[in-house]
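Next up: a single chain in structure tokens, the form predicted on its own.
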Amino acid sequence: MRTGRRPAKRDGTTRDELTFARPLVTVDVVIFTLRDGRLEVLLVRRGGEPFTGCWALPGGYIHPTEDADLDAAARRILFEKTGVESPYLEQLQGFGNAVRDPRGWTATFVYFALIASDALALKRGANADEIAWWGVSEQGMVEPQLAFDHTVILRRAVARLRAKVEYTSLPVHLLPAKFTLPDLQKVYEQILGHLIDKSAFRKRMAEADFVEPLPGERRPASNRPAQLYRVKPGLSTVFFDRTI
């Protein structure tokens, strides 16, 4: 009975394996934080070819013998390149063509990650001369010209983040473990780029029911101490029934 698989050659390879070249497969990570009231993205300055000396998103090859899946590959690469372990990681989309990398036809699976600025402990990893945070403009751009097609990827990630902020609890991942409701509202406003009515915002947060007050814990203030909150245990991202 014919199985459809091409006969193997003496070295164990099949005609299909010899005929169809495999593209290079990588993972790139767009990691965001909020610092000094602005959205910033983490970039590495490449120490090797191609694009030596250019800034790029942290990325690397998938290791079939080490990585259980794409998520595991993204977390490993992020930590190896930057020393960052993000509490939130989401797959954005795949990008691939014959011209994005001078080494040949490549495909990359892109993730975006969120981390609170108080949890930052960066380190320079493999193949990186420097690592730094860069401010993101309203158009989803950064000052340096990025390697590969990373400018396009960054803009796509910023658009996804801003779209999801309107109907999810995503911004909470940019805050420390304990925060006030004004802190949370400010994060939403900073990402969206406009002010939100206080009463409407608090009503939406109450309906979403993903944060809870910490009994007896308040942040000192000049007038009245502010109640501290945290994300309810076991919750990750909550979707609202309508946009903010």
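When you see a residue number, it is the position in the sequence shown, counting from 1. A quick note: this is a predicted structure, and the numbers were derived from the prediction, not measured.
This next part talks about the form predicted together with the DNA, which is not shown.
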| property | result |
| --- | --- |
| The DNA contact in the predicted complex: Gln227, any heavy atom under 4.5 Å | yes |
| Interface membership of Glu207, the DNA in the predicted complex, 4.5 Å heavy atom rule | yes |
| Distance check, Pro182 to the DNA in the predicted complex, heavy atom within 4.5 Å | yes |
| The DNA contact in the predicted complex: Asp197, any heavy atom under 4.5 Å | yes |
| The unique member of Lys178, Arg38, His63, Arg202 whose heavy atoms fall within 4.5 Å of the DNA in the predicted complex | Arg202 |
| Whether Ala98, Arg103 and Arg162 all lie within 4.5 angstroms of the DNA in the predicted complex by heavy atom | no |
| In the predicted complex, segment of 26 to 34, 54 to 62, 214 to 222, 39 to 47 with a heavy atom within 4.5 Å of the DNA | 214 to 222 |
